[in-house]
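Given next, in structure tokens, is a single chain: the form predicted on its own.
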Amino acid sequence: MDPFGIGDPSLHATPIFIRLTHWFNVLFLTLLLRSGLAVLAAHPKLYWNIHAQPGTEWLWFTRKKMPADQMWCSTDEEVEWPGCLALPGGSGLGLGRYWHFLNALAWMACGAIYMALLFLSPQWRRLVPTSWEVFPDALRDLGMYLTFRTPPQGTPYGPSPFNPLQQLTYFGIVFLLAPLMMLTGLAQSPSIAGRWPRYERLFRNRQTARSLHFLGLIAFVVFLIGHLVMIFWHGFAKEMNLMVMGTDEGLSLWWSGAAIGTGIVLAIVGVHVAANLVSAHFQRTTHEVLSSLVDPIRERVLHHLQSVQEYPESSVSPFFRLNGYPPISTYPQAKGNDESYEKLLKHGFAEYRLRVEGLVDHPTEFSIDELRALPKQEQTTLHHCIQGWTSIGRWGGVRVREVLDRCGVQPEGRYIAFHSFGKHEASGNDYYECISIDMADHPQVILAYELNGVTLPVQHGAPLRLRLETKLGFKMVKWVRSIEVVDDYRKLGEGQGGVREDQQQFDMGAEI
């Protein structure tokens, strides 16, 4: 008995492993497409250049025009797409990313099972062409479809149940497009790009990888539409029977597969609707459930990677986007100014003191001059914003470990919280972010006081801005007020590891 059809020499009957992975693939892939749109909505512009300079987009999905005569932030470029299109709709970047990562992992696991069973059986001959004749025959089949004729099923040079055009299409989807999507997705990880800069350059740069990832999404959409057309073209009941029952033989079963298949499709639609509803009405619960599934894998794979980036100074971006308004009265968008910060700014930060407190032996305050007197670290690195844009800058500052060593971290200290003078732009809460204490050992984790050879500008975080070159930009706190060493980040804010995690369901790790 062979319930999975692994040893079945017949390629015309569809084994149960192909049928099961097919339907799970439909579920995971459609969830990936919709959650991917939620990610794209955060920066609905695509580029071929690494600098993501305004005006160089090759494709955009927004009518917003950024003012040329006043400061604006990248959050001003975001758009909100309806829940019928994106998962979730609205400003759903945080949960959209979690849905995307969870379904990417599930989709890859489903694909791995499918590939293993495919090549443990004769079923690989369904997809893999064994003759160069497949190419001219596929063109013939395409011509027949375009002239509303139906090509004969099967091939004259192998046992595949598909016609040459179908076989070549499925081969391309499984062995070319799917791997491309995985590889370009990984190329957008700051941890991977920081540890292995050459990997990102396989695709020219990170923005090219992002554009190719989007084009792959379009290719999947075109395939899904074509797949649906072919189901009706070749007979809805017959094709559904093959996908559900494994055979199109037997009149008594003729509409059984169609009925069950329709029920499966409705169940998949129900999953999509439920995902949107829980994301909208139970954000924190959804965040906690999805993070409990995704974060352990992300942390195990990516957390310990250290950045070794060093771009040439000639590659510094001519334009470096901003995210977050300075906490001064000039910018009401900042959700409240900080009078103490404005006073410090007025006097050129001469009276600024960085407080290091919490679980340290010697709570200490450092002036800017004292920080500049410590060993200086310079690095030219690629900044990855969670929204999708990138820029290259040369940063100069002091390593976080140099500061902590002078204060003596106590054994119970497991996390570092960086508190800002700034506010979260949506809630108005004090801005803060947490990282694990081991991140301080990374050589490119610094408190920057220079950008591109000059004193750090106010809009980029003066007097100090945290740099974490294996993390996404929202973790790199600007306008740093103080550093607090704690035993558990869940004691701060709402317990999610940062204000954006608290308010927007971002992921604390921020490595991809």
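When you see a residue number, it is the position in the sequence shown, counting from 1. As the structure is a computational prediction, the values presented were derived from the model and not from experiment.
Not on display, but discussed next: the form predicted in complex with a small molecule.
Among residues of the shown chain, T155 is not one whose heavy atoms approach the small molecule to within 4.5 Å in the model of the complex. Residue contact with the small molecule in the model of the complex: C385 places a heavy atom within 4.5 Å of it.
At the 4.5 Å threshold, heavy atoms of S291 stay clear of the small molecule in the model of the complex, well away from it. Put simply, G324 is close to the small molecule in the model of the complex: some heavy atom of it is within 4.5 Å. This chain appears without its partner; in the model of the complex, the one residue of R34, R465, K471, H43 with a heavy atom within 4.5 Å of the small molecule is R465. With the partner omitted from this view, the residue of Y170, W107, F320, F162 that lies near the small molecule in the model of the complex is F320 [heavy atom within 4.5 Å]. Heavy atoms within 4.5 Å of the small molecule in the model of the complex belong, among the stretches 440-448, 456-464, 45-53, 62-70, to residues of 456-464.
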